[in-house]
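A lone chain, given as structure tokens: the form predicted alone.
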Amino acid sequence: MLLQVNIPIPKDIPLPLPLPEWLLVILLVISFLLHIIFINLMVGGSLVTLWAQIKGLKNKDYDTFAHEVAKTITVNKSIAVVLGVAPLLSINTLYTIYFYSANALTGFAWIMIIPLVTIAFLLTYLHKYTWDSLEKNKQLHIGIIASAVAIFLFIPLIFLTNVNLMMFPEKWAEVQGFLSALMLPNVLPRYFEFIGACIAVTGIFIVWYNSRKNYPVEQIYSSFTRYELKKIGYSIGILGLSLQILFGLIVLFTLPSKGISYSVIAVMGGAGSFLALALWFSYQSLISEADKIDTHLKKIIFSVLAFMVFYGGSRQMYRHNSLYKHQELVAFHTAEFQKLSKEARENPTEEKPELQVDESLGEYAKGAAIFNQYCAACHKPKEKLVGPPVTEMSSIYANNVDGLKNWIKAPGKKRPDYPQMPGFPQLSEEELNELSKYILSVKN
């Protein structure tokens, strides 16, 4: 009862799901995991590019390294956009009222996502294709990627804020825009964990990218060797994994209790174990000799992918635990609304506006009021308006009151120069008598 009293309970859209719910949930989790990998590479790649290009002001090979990473950003961006359609449609379908309520409450920030994404994408292309032309103006070139990075860092914050807000309808009444939603528990820890994931995935990607046998490291770099590039990748990966573990623990301990269960904790613990394995194998690779640096790469990739599967599953479990009681109330509210709506359609009632009766007209006062309410829009006493004047009706039906009443209830079409008159079957016998009496009283 307290839940129902203190939380807004909107009506759901009473439409069937296009697929079974369990299949939509699986589609949501899998498609989101595929999407987030390339989001990680896009955001992490931008961060690494900015860092390496700044270092490249003193070491030319770092500038070359930044250029090589920058080439991958636009590709990963395009894949991320395409893969983002399925999870967005899935979450809209499964959690329509929650997702759109959160979007409405964050308002301007949510609307700004599309222009911000557009600007960020254009900046990455500008940065990529002006590498040579801005060679002598590195500060401007770095400023371009820095602007893209700033936007790339802000957009996920909007998404995380909304996805977090949709799980807590009890907070909707308190939220006054994006900034207040941002201050809700767990948003910032999840955000910094996401940044750690971006750095970690990018670091592992750099190791793989430079491990390809057909990648001509010696032709591209003047002093960096393949071994050194891999060590840079592992170093970046270790930094990201460390941030993930640190902020992952904060996330776990700051999660509101309403979505926590033993199964959620167990799955999150499994995810954390795989993340710790990835960190351990990455460290072992970093300190290994050149001929053994790739020994653990497959284990690291497997551990990270396993972590993502476990983590994605735990997120969905927590979301379900957070919302299912509220969803039951919404379903009940929707069913009640549909029941009342059906009853109203089957038993329509019409409220008649109160008649404006001019008592000075004596015995014709009520009839005149009925005329003004139903007839005056089309008829004038002595002039043609939409229909003929009242004096014409009076002369036609002077000795045929019943004929006038029948015509008012169900008129036909007599003359081509007048439009079809609508009927007034809703008028009672008393109202028809009063109206007829008034019409027949109007004389030339």
Partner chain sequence: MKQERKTKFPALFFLGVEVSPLRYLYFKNLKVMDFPMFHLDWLNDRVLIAIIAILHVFINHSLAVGFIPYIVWLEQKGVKNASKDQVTDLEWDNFIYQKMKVAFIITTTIGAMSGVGIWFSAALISPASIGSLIRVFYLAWFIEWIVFVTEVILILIYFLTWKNSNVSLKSKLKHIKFGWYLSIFSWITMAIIVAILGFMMDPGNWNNQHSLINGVTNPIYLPQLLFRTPTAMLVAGVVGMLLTTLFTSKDSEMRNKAIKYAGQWILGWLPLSILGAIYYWNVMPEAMKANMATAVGSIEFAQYYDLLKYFIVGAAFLSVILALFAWIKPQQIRFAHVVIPCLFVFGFLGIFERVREFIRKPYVIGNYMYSNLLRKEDYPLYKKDGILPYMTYTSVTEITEENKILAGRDIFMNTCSRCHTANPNGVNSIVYVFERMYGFGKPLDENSMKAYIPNMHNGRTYMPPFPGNKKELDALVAYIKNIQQTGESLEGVQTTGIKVNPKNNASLIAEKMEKAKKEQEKQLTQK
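Quick caveat: nothing in here was measured; it's all calculated off a predicted structure. Residue numbers count along the first chain shown, from 1. Definition used throughout: the rigid core is the maximal C-alpha set that superposes within 1.5 Å between two forms.
Keep in mind that the form predicted together with its partner chain is not shown, yet the notes after this line are about it.
- Proximity of V82, L89 and Y98 to its partner chain in the predicted bound form is complete: all three residues have a non-hydrogen atom within 4.5 angstroms.
- Shown alone here, S428 lies farther than 4.5 Å from its partner chain in the predicted bound form, counting heavy atoms only.
- Residue contact check for S242: none of its heavy atoms lie within 4.5 Å of its partner chain in the predicted bound form.
- K258 falls outside the set of residues with a heavy atom inside 4.5 Å of its partner chain in the predicted bound form.
- Of the heavy atoms in D291, none are within 4.5 Å of its partner chain in the predicted bound form.
- The stretch in contact with its partner chain in the predicted bound form, judged by heavy atoms within 4.5 Å, is 172 to 180, chosen from 214 to 222, 135 to 143, 201 to 209, 172 to 180.
- Residue in contact with its partner chain in the predicted bound form (any heavy atom within 4.5 Å), chosen from G272, G107, P156, P189: G107.
- Scanning 108 to 130 for heavy atoms within 4.5 Å of its partner chain in the predicted bound form gives F108, W110, I111, I113, I114, V117, T118, F121, L122, Y125, Y129 in sequence order.
- After superposition on the rigid core, the Cα of K409 moves by 2 Å or more between this form and the one not shown.
- Comparing the forms between this form and the one not shown on their rigid core, the Cα displacement of G56 stays under 2 Å.
- Taking the rigid core as fixed, one finds a CA shift for L427 of 2 Å or more between this form and the one not shown.
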